[in-house]
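There is one chain below, alone, in structure tokens, taken in the form predicted on its own.
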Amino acid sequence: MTQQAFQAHDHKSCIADGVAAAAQSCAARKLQLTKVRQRVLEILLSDHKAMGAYEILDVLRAEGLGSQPPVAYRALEFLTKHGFAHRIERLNAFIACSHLNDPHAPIFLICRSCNRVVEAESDPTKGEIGRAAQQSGFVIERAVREAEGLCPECADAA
């Protein structure tokens, strides 16, 4: 996903594949992918940019799916809790998970110019963080890694 996300492409397949994978996962785990939850996932999948809860709420409001912040926050809580979306700490925003079928510890590559965010896979038990944890006897349960820079298109333009 990393390479494709930084290139122009048809997001319809991203949306269709992501929603289908989430629906299949929800069915297998007996979770409810409600209309609002599905729509929030579609919104997040529609572009590879992180979105804040209020940006998502604006879309939901325009479509008649809710106008109060808890509508967006509940859907985002469900999506992040079950691995369908991730919270980008630095931006206080959310992005759809692009590796739904694989347990992983993502790294987020954030373009400071166009705000595109791409999810890449990593293994927090390896590398510098893994060595530090191993040396101190620490067991990593969750790691958030975010890198800010320029995507290929913005780097070429600069």
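Here the structure is a predicted model, which is why all the values come from computation and not from measurement. Numbering starts at 1 and runs along the sequence shown.
The discussion below concerns the form predicted in complex with the DNA, not included here.
The three residues Tyr54, Arg74 and Asn92 all sit with a heavy atom within 4.5 Å of the DNA in the model of the complex.
A single residue from the set Ser46, Asn115, Ser122, Thr34 has any heavy atom within 4.5 angstroms of the DNA in the model of the complex; that residue is Thr34. Proximity of Ala133 to the DNA in the model of the complex falls outside the 4.5 Å heavy atom cutoff. Interface residue remark: Leu100 is not counted as part of the site for the DNA in the model of the complex, having no heavy atom within 4.5 Å.
In the model of the complex, no heavy atom of Cys26 sits within 4.5 Å of the DNA. The DNA is not shown here, and in the model of the complex it never comes within 4.5 Å of any heavy atom of Val59. Contact annotation for 59 to 96: residues with any non-hydrogen atom within 4.5 angstroms of the DNA in the model of the complex are Leu65, Ser67, Gln68, Pro69, Pro70, Val71, Tyr73, Arg74, Arg87, Asn92, Phe94, listed in sequence order.
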